[in-house]
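First, one chain by itself in structure tokens, the form predicted alone.
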Amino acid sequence: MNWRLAVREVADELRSAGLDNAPQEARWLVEHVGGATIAELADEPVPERLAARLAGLIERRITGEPLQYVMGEWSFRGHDVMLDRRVLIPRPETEIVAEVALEEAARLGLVRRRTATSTSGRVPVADLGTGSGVLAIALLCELPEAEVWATDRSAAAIAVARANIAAQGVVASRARIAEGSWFDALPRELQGRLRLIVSNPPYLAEHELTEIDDEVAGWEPVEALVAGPTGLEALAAIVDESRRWLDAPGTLVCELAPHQGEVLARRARDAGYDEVVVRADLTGRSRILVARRGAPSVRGS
């Protein structure tokens, strides 16, 4: 069997198992095992050991394990990260959160660029509940002035984030990784100094866990999905405490569920934020809380 034929056969197996995106998933799996694109692998025969590895991955996928866990890696804004069941799978809406956070950083005067290698900047920002570390990585790689504090209460998630951040190279020298719940993980001397706080916290209510896809509820860490009885517990804690941790100017950016936007916007205003907006995702649904303290910097990005 050659690699081109392997893609077709894998797609047929996945399709027979009822997977909707079988052709694309087949290509990803084959390229993952082959270590190159299908165009590069072409009509070369599949080595026996790689065929066996591919068969194992197919079996895992057919049993319902998410593709990202099966592959053990994924790309977030062009940055490859390791993934397993210790952390949530990054989703497209979280990429929008990253973009909004970077826009806010530029508005606040931080230099933004795609290939950031400088280690001279020390403007403190924080990613609370970092999980796999993808938001922290986006900040590190695109904000060369930022010192990024990545926190999580899960020691298992911290281990994944630490490995993913270290894999980014020289920018990792500007990362500070701390275990703890929300602001408890941060040193007190950061109070009133953070320029930007970003978070993708759990925001499902307990009863909603039974309403989501089995591929999510059955595989991803429940503690990173469910906040509590109402789903607002984590977001409320972050909104209520964040303002006193922010510099002026400074901004809080949080991912939320579409139905939570209005209540959390009110809560942010009650907490004393000067300007509050709720941004939409690519489908037009309310998805990102942006709460600003103080006037923006006049410095350009």
Ligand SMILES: C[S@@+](CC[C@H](N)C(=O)[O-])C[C@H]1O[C@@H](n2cnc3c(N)ncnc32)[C@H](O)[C@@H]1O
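Since the structure is predicted, the reported quantities are computational estimates derived from the model, not experimental observations. All residue numbers refer to positions in the sequence shown, first residue = 1.
Only in words, not in the display: the form predicted together with the ligand, which the text now covers.
**OP:** Choose one stretch from 103-111, 165-173, 207-215, 134-142: the one whose residues place a heavy atom within 4.5 angstroms of the ligand in the model of the complex.
**Re:** In the other structure, the partner sits against 134-142.
Practice problem: Report the residue, out of Val160, Val123, Ala224, Ile177, that has at least one non-hydrogen atom within 4.5 angstroms of the ligand in the model of the complex. | Solution: By the 4.5 Å heavy-atom cutoff, the listed residue in contact is Ala224.
| Quick one: is Gly129 in contact with the ligand in the model of the complex, heavy atoms, 4.5 Å cut-off? | Yes, Gly129 is a contact residue.
Exercise. Give a yes or no for Ser75: in the model of the complex, does one of its heavy atoms lie within 4.5 Å of a heavy atom belonging to the ligand?
Key: Looking in the model of the complex, residue contacts with the ligand do not include Ser75, since no heavy atom lies within 4.5 Å.
- Message: Just checking whether His79 would be counted as a contact of the ligand in the model of the complex - the rule being heavy atoms within 4.5 angstroms.
- Response: Flag for His79 set to no.
Interface membership of Ser154, the ligand in the model of the complex, 4.5 Å heavy atom rule: Ser154 belongs to the contact set for the ligand.
- [ ] Select from 70-93 the residues with a non-hydrogen atom within 4.5 Å of the ligand in the model of the complex and write them out in sequence order.
- [x] If the 4.5 Å heavy-atom criterion is applied to the ligand in the model of the complex, 70-93 yields Leu88, Pro90.
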